[in-house]
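Presented as structure tokens, the chain that follows is alone, the form predicted alone.
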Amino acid sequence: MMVTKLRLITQHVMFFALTYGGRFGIRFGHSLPCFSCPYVSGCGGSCYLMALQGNWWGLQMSTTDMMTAMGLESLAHLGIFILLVILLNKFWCGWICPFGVVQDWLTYLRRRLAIHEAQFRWLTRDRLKTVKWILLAYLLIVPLLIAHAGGHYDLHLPFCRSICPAKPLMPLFVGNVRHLALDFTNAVTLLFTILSVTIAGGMLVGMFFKERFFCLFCPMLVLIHIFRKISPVRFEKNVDGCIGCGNCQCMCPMDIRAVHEQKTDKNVLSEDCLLCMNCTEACPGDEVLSIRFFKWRLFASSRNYVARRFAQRQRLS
């Protein structure tokens, strides 16, 4: 089975398990390193970013006894998150994330409509990398500040309530349109809902015209990347075997140049990499690119593999 087909099957199985699994008794917890939105009623598990913000805010607001209990809960969430990240690394992004699947659906639709993908200049692309770090700082610092300053309760989940496009969009898959409406309860809530709907609309357009557009700004990518050195999952390049064809760069949904340009270091797992394996599938060099788990090779590039893919496409066209 081709890797692309295996990834598509895995993505869709996990989309239904994480979006609807709770209705069938499936519970993956609250520490998932992917955008499985807790605002989806009956979801099978939820994104760690919500637990991270909520636990951080709660620790600052609680009394001593409650703080001890919440501290243990926070450590449990963090420990599970780190364990899951270590085990699968960026596979969470390229193979499991439900919001990633939605982005891939939009890309498929755009291609079917024969609409060209939007392109960014390399300078713009490099500048956008900092947004992920800014958003990570935002979701950590705001709850801390408002806990000490006695700020509005809605601010304890600043990323989820005002920025994350999954909040208004993912509940649509269970027929919930409530998060697309403006909430006039108070000024802060109204401001957050305006921001949420506006950003979601902008992201929806961006995700249609640019493959994996939201992933350019995703703070979860940063969190996962922090633990890359202790993960047994490795993405490696045999720099001596590379012929410089550029297929890896052309096929990357994140427009990553590092794999193609790397001439010395065999480790090519960059901050924005999703481990989708598109580049490894497209590489015509035998074992030039490889994905490993500890010492075991999960998949490696191959001239014969590329030839089989080309022949298969020819038969389908």
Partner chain sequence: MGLHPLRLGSGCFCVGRLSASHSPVLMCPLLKATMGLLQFQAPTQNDTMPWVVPTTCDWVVKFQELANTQPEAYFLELPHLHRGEKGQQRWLEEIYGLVRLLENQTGRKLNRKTLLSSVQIFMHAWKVFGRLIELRRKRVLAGVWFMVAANSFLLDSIEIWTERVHQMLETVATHPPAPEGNGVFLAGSPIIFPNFKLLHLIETAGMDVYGDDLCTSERIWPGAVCYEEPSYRGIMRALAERYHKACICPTFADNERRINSILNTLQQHHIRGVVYHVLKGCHPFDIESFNLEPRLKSRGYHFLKIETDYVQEDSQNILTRLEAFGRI
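On a predicted model such as this, the values are computed, not experimentally measured, just so you know. Numbering follows the first chain given and starts at 1.
Not on display, but discussed next: the form predicted together with its partner chain.
- A single residue from the set R23, R297, H12, R303 has any heavy atom within 4.5 angstroms of its partner chain in the predicted complex; that residue is R303.
- Though its partner chain is absent from this view, in the predicted complex it lies within 4.5 Å of a heavy atom of just one residue from V174, I115, L144, L191, which is I115.
- Contact here is defined as any heavy atom lying within 4.5 Å of its partner chain in the predicted complex, and by that definition each of R111, Q119 and P253 is a contact residue.
- With its partner chain left out of view, the stretch that reaches within 4.5 Å of it through heavy atoms in the predicted complex is, among 136-144, 219-227, 243-251, 88-96, 243-251.
- The closest heavy atom approach of E236 to its partner chain in the predicted complex falls outside 4.5 Å.
- The closest heavy atom approach of A282 to its partner chain in the predicted complex falls within 4.5 Å.
- With a 4.5 Å cutoff on heavy atoms, S31 does not count as touching its partner chain in the predicted complex; it lies far away.
- Although the partner is absent here, N278 sits close enough that one of its heavy atoms falls within 4.5 Å of its partner chain in the predicted complex.
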